[in-house]
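There is one chain below, alone, in structure tokens, taken in the form predicted alone.
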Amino acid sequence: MQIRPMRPSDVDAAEQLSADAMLELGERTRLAAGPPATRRADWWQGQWRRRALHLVEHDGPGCWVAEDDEGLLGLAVSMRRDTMWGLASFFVRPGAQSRGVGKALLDGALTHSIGCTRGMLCATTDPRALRRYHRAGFRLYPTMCAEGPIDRSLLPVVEHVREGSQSDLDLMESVDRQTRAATHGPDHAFMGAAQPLLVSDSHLGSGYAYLTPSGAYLLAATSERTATALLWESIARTEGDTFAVRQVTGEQDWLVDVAMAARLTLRQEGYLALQGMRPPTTYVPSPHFM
């Protein structure tokens, strides 16, 4: 086995490995009443590859792969923004776990966190990965997913929310500092190039939300009223018939209130792993950009 920095030429194989690993994990941990595990959709495949290239470019010291005679064995892709470190992707080839590959990859990625005062990652329920995060000093907070069909007759009229653009960068970075104590730096340009953006700025507070074809991807606000308005508008702007928002913690009663009013289903799903910070109340992290 060889551990080395990730290169742009590794991205296609890394996406394939990550998809295989997520499918295997979904099949292994699926509850009897839960939805069946499926491979990620085409849109997400392309977005995964573009995101990995983006992070290799901006965070090369935090992106590592392992390989053996059969090819790619695992990967760990991380970033640092201001004084926050985040883990965007961490996978080992199915069948090759428990050989020390994951530990070696995570140790390599964590060298990119030296000097950071905070850390964040969105974890699956894989018990081996959770043990590694715990040993690395992260506290684990259970999270929920709110999802279900959109009943548009239940949607309220929302004020003070508009479509955003990169001209709102100063506002978004100010919200970032207030909600997670670190900006997203170049990640705003990346997300804004591929995903719809909503912005709110009024006497009630400021905030923004990035969307995907099926839900809210990242939401940040300086007040619960602004966060609530952004979430309702995110549901209204979703293209499909179903909506989902993930990484919901027990501290986010405002989000649970919206989910109940919209008749979405809440279920437990994964963990938010944090270091040097408490779970945010009006910040719903992206699983990839924290």
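Every value quoted in this text rests on a predicted model; they were computed, and no experiment measured them. Numbers for residues come from their place in the sequence shown, where the first is 1.
Missing here is the form predicted together with a small molecule; even so, the following discussion is about that form.
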Does any heavy atom of residue 90 come within 4.5 Å of a heavy atom of the small molecule in the predicted complex?
yes
Spell out, yes or no, whether the shortest heavy atom distance between residue 115 and the small molecule in the predicted complex is within 4.5 Å.
no
So, residue 138 and the small molecule: in the predicted complex, are they within 4.5 Å at any heavy atom pair?
no
Does residue 274 make contact with the small molecule in the predicted complex, using a 4.5 Å heavy atom cut-off?
no
Using a 4.5 Å cut on heavy atoms, which of 168, 176, 82, 126 is close to the small molecule in the predicted complex?
126
Assert contact_stretch over 216 to 224, 91 to 99, 190 to 198, 143 to 151 against the small molecule in the predicted complex, heavy atom within 4.5 Å, equals 91 to 99
